[in-house]
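Next up, structure tokens for two forms of one chain, structure 1 and then structure 2.
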Structure 1
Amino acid sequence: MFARTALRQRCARWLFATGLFLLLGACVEKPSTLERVKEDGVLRVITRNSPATYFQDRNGETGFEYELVKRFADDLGVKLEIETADNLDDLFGQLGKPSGPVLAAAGLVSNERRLAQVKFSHPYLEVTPQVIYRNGRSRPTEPKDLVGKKIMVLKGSSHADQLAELKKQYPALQYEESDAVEVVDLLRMVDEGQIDLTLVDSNELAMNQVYFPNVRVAFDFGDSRQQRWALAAGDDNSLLNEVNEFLDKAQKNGTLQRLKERYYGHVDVLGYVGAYTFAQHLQQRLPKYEKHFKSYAKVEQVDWRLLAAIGYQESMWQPEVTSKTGVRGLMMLTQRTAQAMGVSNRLDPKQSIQGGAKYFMKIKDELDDSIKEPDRTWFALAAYNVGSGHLEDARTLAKREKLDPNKWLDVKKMLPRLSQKQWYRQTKYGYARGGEPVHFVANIRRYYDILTWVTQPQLEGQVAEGNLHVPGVNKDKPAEQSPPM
């Protein structure tokens, strides 16, 4: 009897202790999303791989959304971890998954359908949806003009929602949604006449229009809208409150305005500056820096005229130039590259040329041994512009197309594909402005050819005196000799 009583008492104490433990455990609150981010030391963000959001160039990771969200991560004191979604549906679907991204920064616009999935932050950028058509074709001027046109938009985009609403009013309206393209693909398709129309936001058009000379705005499709970041739905607003506080502060202290100016305030495109201007600069600017080009070319064992051609393409031989992306000086070095090359003052032309020469030869030396001259030089120039990673992506695409990955003529056909989603989604480093290195190399080769010609001993005196005729450059001088093009 005594034994059974003692056993019952022990069981009762055990049950009480267990119940108390469970009760106390239930009272312990789970850490908030913000607390988890800080504990992990990582802010996981999902975005789109596009020029207006996030991509990698020769300077590393860049893009308007990347720059902004990186500042937010720095404010939190954590590392930024970026992943890219293949399409918008995937982007929204990834939010809130265990160990997944906690924030989407991808040029998103709030609407009723999306509000059922996510929460949106305060706005940070005002954009206007625009109907885009090809110059030379009939220009639509109002929504009803879209009927009967071949139209394509991003699948799951707010523009697709707009067209769905318009279709209720005009049932004959037809359009295609695609998750195999990005905005740059849509603009290219309009430019080339593959589709009649598309819808894009004004900021993305401003950033890309220079690359598509036939693209025009038909009309604004509705009122301006606000772009926002998105977070997983739920009652936990800890991270959302922190995001809103950051965006409000960025608006007040000018951070947002500076980023808008940097990415959308200028036209940034590589182009041939004009033969006549080059002839003038040969006489007026090059003599100031020629000794530095020759000196450091000798150290690095590279043709000084090639270095000079790079310097002209980068800055037109202007030592105090600063680009909107922060690269500076005659050879337009990034801060990181300058430090790595031992350059303390990027605006000092001597140091800039020294750093540029060293950096170019470093890139060239790191190329695959299977790439031989003269292609090796053209590959190095392309990598100097777009980055070695993207160059390797283009070589990989060349292999898949049964082309020679060691020949510039073949690889330069592949580089523009790096700006097309159907191709860059297959690559390691993703989106790049692949057309730029092609123009970059072509321009430098032309400058180099002219420099090679005009620096022949029998002609150098004529350059200094301004009496030299360069075929295709200064037409008022009689032709005496043709450059080796």
Structure 2
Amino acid sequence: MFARTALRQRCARWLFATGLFLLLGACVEKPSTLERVKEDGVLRVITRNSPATYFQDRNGETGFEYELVKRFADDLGVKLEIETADNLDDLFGQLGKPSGPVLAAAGLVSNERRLAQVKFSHPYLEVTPQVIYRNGRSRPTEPKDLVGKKIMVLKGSSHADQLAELKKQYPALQYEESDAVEVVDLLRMVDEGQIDLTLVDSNELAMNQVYFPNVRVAFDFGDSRQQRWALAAGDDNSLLNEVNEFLDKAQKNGTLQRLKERYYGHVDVLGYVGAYTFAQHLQQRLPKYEKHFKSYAKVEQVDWRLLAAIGYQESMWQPEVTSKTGVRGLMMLTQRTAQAMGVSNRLDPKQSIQGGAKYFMKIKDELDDSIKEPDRTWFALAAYNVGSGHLEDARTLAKREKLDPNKWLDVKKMLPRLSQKQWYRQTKYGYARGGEPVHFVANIRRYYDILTWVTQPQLEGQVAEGNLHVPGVNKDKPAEQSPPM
């Protein structure tokens, strides 16, 4: 009896030790996803190639998702490696692979079907699905109006799921799901009348509206939803927890709001008419001045597209305009600025661009060192318009309100106060039309974004040849040669 008990105890000890060993072995062999990312020193992320998520411009990689996920990789202290999926099925498929990317950052929303496949993070952006139609055609105003229309959506998209749901109620509803297109193609097809309707998220429309002057929102299709990052399903929550912590922090410390402001904060400033006019002027006017923008941008070491954007805001690229206040020329120089910059004839476009470029860089250099990019550029633009003294006043007001005087988002709230006596009487330089630089900067940022997008390397030369093709709108080229969207 005693011997048997001893044996049993020994066996139990052995089993326990072996179990522990196996358990330890398993732990050693299989590090958590987070540990793996840190060990490899690389965060592999899959996304979509579109203006609202990720794209390449001449300065490198950019896009809302890219910037957010880059900050996350920086926080983890690892390198970021971006992969792009051909379509949404491909994206979810890649995410599920053991050797695949660990995170999808692609403007995704959570739904039941997807939850069977992946896990979603805390939210970072609220968007509303919208039904898009062509101006001049009959406008649907509610879901049942979709019956009988030619509709196309992205295959595997949440919009396709919404339509599948609607079809249960209206079996006559017809729609096509395509995995050969991107959002921009859908908008183009509506714009050109090839399809009647599509469904896209509000942020995607906002980014692309300017290229498609005929597209309009018919109605919001359901409630707003939250975009989230997706991770492979499973019990390992190590990376998910880290992601959530990062997103919560980005929410609290204002990073998310600044990114939203940067990418989507200025999208509505043009409006339909402005968008259409800008597209026309890109073809008709810019080619005449592009070489001057480029050559003085080189001299001053500034992005020529930013100078061109200033020029458009100032004069719509018309060299002979004069404002009510006597400010003149393509870059709208005051008499004083022109003299200081050595400009003898403000109506000469070449001189005006030269003087404007020089002045812009001068005031930018003179800004306080504590103002960092990209805000530094927005501050310099504001100073170009309202003067450095008034800008400084707005920064002082921001400090008094416990706002950050180095963040454009905060200072732009103070600028309009410079035209109200109760505020400007407290400032050093007094009254200014403080609302003007706020619009000025917002518009220029929008023009700058568009110019950045249409002058991607793939489109080089097309503006100058008066043959501009907006991304995804080039009907003559096969799809694989189109710029990445």
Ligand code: BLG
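Residue numbering: structure 1 sequence, from 1. Predicted, not measured: the structure shown is a model, and the values here were computed from it. Only the largest set of C-alpha atoms that superpose within 1.5 Å between the two forms is called the rigid core.
K.L.:
Do you think the form predicted in complex with the ligand is shown as structure 1, or as structure 2?
P.N.:
Structure 2.
K.L.:
Honestly, after the rigid core fit, is P51 moving at least 2 Å at Cα between structures 1 and 2?
P.N.:
No, the C-alpha moves less than 2 Å.
K.L.:
Core-aligned, is the CA shift for V42 between structures 1 and 2 2 angstroms or more?
P.N.:
For V42, whose C-alpha is compared between structures 1 and 2 after core superposition, the shift is less than 2 Å.
K.L.:
With both forms fitted on the core, give yes or no for whether the Cα of R446 moves by 2 angstroms or more between structures 1 and 2.
P.N.:
After core superposition, the displacement of the R446 C-alpha between structures 1 and 2 reaches the 2 Å mark, so yes.
K.L.:
Upon rigid core superposition, what is the positional shift of the Cα of G311 between structures 1 and 2, expressed in Å to one decimal?
P.N.:
Displacement of the alpha carbon, after core fit: 7.6 Å.
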